[in-house]
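Only one chain is given next, in structure tokens, and it is the form predicted on its own.
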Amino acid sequence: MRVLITGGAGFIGSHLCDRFLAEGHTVIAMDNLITGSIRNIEHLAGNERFRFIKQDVTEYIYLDGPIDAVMHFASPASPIDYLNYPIQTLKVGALGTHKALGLAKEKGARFLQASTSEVYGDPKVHPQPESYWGNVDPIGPRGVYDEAKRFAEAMTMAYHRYHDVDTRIVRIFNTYGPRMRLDDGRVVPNFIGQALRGEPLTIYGDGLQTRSFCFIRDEVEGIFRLLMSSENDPVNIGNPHELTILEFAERVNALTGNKAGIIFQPEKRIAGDPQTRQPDITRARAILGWEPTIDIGIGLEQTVRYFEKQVKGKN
């Protein structure tokens, strides 16, 4: 196949580039590099089946030749990013999705929309199945990301129903691994960065809020299988093993040998920030034969090794 991956220089997008190239496909990565980094794809320079285009996907997308699949992963994805770039986040979810779907329609290509567990908001149903409509504050600070993704899902289904575009929607839960940014504000790089600097890990609140962490290799495997399937409705891809933030902090300190411990600060909760997050992956198991296989200890070890190089580079 010849595949376009928007956001291809980002965390998940760059790993998808690797996976499709490893499968023998041709990959075009498109990214405006607001939050993505050339460093994530520099190892692909010189690969004759890989091409990078620096472009904002909210602008008209023109590509010569056939395209077999369009995977739309362009978007700021961490709270620190979409709070810094609220308009860009809304535009890439709306205009960017429209442009990417238009290209898929023109080329007769399969289309995969990267959605998120954030469409469930601060959930009142636990764990979250795809049938749950969510509890989202549309005008809160996080709404720029949550509603952009909800709109993107609606537009994807509209193109499927009215233009017969062969679409997929993946709802991605908390994913971690190499190529995350040290300063992206999410709990994994925050904790690992503090631990590697010998600082106490900072927990806001009591640490009893939960997350479910999926290693990037598992996440990419699920996304790859979804694209290759015939499933048009949304599918959760994430790890159903739930941890409290306190448990996760203790794991990071133990793995890194950090003796500085943990400090608790008053909660800095952004309105709409979910207290719990756990995917119901019943459909992924049934439809894709997929479930995560990489233990968090193994995934964290690989992630720590990656961040060790980043921390040394900052010193």
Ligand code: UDP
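Owing to the predicted nature of the structure, the values given are computational and were not obtained by experimental measurement. Numbers for residues come from their place in the sequence shown, where the first is 1.
The same protein also has a form predicted together with the named molecule, omitted here; what follows describes it.
If the criterion is a non-hydrogen atom within 4.5 angstroms, does every one of Val187, Ile203 and Gln209 touch the named molecule in the predicted complex?
Heavy-atom distance to the named molecule in the predicted complex: all three under 4.5 Å.
Heavy atom within 4.5 Å of the named molecule in the predicted complex: which of Ile169, Ala109, Val220, Ile245?
Of the listed residues, the single hit is Ile245.
Among Lys99, Arg150, Arg179, Arg142, which has at least one heavy atom within 4.5 Å of the named molecule in the predicted complex?
By the 4.5 Å heavy-atom cutoff, the listed residue in contact is Arg142.
Taking the named molecule as it sits in the predicted complex, is Arg283 near enough to touch it, meaning that at least one heavy atom pair lies within 4.5 angstroms?
Close contact is absent here: in the predicted complex, Arg283 is far from the named molecule, nothing within 4.5 Å, heavy atoms only.
Should Asp273 be classed as touching the named molecule in the predicted complex when contacts are defined as heavy atoms within 4.5 Å?
Contact check for Asp273: yes, within 4.5 Å of the named molecule in the predicted complex.
When the contact criterion is heavy atoms within 4.5 Å, does Pro79 count as touching the named molecule in the predicted complex?
Because a heavy atom of Pro79 falls inside 4.5 Å of the named molecule in the predicted complex, the answer is yes.
How about Phe73 - does it come within 4.5 Å of the named molecule in the predicted complex, if we only consider non-hydrogen atoms?
Outside the cut-off, so no.
Taking 4.5 angstroms as the heavy atom distance cut-off, pick the stretch from 158-166, 222-230, 88-96, 189-197 that is near the named molecule in the predicted complex.
Checking each option against the 4.5 Å cut-off leaves 189-197.
Using a 4.5 Å cut-off on heavy atoms, what residues in 162-177 are near the named molecule in the predicted complex?
Contacting residue: only Asn174.
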